[in-house]
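Read the single chain below, which is given as structure tokens and is the form predicted alone.
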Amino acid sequence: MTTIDAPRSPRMTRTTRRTTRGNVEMVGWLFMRISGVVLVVLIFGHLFVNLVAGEGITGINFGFVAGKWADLRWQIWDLLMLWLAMIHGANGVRTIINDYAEKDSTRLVLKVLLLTAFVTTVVLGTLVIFTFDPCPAGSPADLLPSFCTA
């Protein structure tokens, strides 16, 4: 007498094995959920401080940003928001590329373009956050903001 397995039981064959890609996809899926929650906290904190706690939209200007980025905590906050948003977004676009790009060559080109855009944005954004100087030495006094001592 032959027994038939239940329709939903896993079928194990010699070629069936757990792949590294499956683990990477699981980590990506988990990252999307966790980073999404962290991003909500970071973004609403950012919006609250910039729009509600201060003078509103009219209070946001060059001086406001310069004052904020003079504090290392705000630099780290904005850096975390930039990095998490970029990784979260790039991972989402990568998933869309995997789902809809039919040819392997097309998929590769799109992923290379995505990686290039990701790296460029993260590197430039990080440089701006940590090298921002509202009062550069040697600048003409008429071009500097009013709070700078020329």
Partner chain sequence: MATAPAGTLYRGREGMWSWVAHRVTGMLIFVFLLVHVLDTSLVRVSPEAYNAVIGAYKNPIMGLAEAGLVAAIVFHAFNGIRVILVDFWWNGPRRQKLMMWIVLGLTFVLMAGFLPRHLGNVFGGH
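Everything numeric here is computed off the predicted structure, so don't read it as measured data. Positions refer to the first chain, counted from 1. In this text, rigid core is short for the largest set of C-alphas that superpose within 1.5 Å between two forms.
The discussion below concerns the form predicted together with its partner chain, not included here.
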- Quick one: of Ile57, Val112, Ala70, Val27, which gets a non-hydrogen atom within 4.5 angstroms of its partner chain in the predicted complex? Ile57
- Can you check whether Ser105 is within 4.5 Å of its partner chain in the predicted complex, heavy atom basis? no
- Item | 4.5 Å heavy atom contact, Leu42 and its partner chain in the predicted complex | no
- Item | 4.5 angstroms heavy atom contact with its partner chain in the predicted complex for Ala85 | yes
- Query: If you check in the predicted complex, is Val65 within 4.5 Å of its partner chain, heavy atoms only?
  - Reply: yes
- For the stretch 105 to 122, which residues lie within 4.5 Å of its partner chain in the predicted complex by non-hydrogen atom distance? Leu114, Ala117, Thr121
- Query: Does the distance between the two CA positions of Leu47 reach 2 Å or more between the shown form and the other one, the core being superposed?
  - Reply: yes
- Item | Threshold 2 Å Cα movement between the shown form and the other one at Ser139, rigid core reference | yes
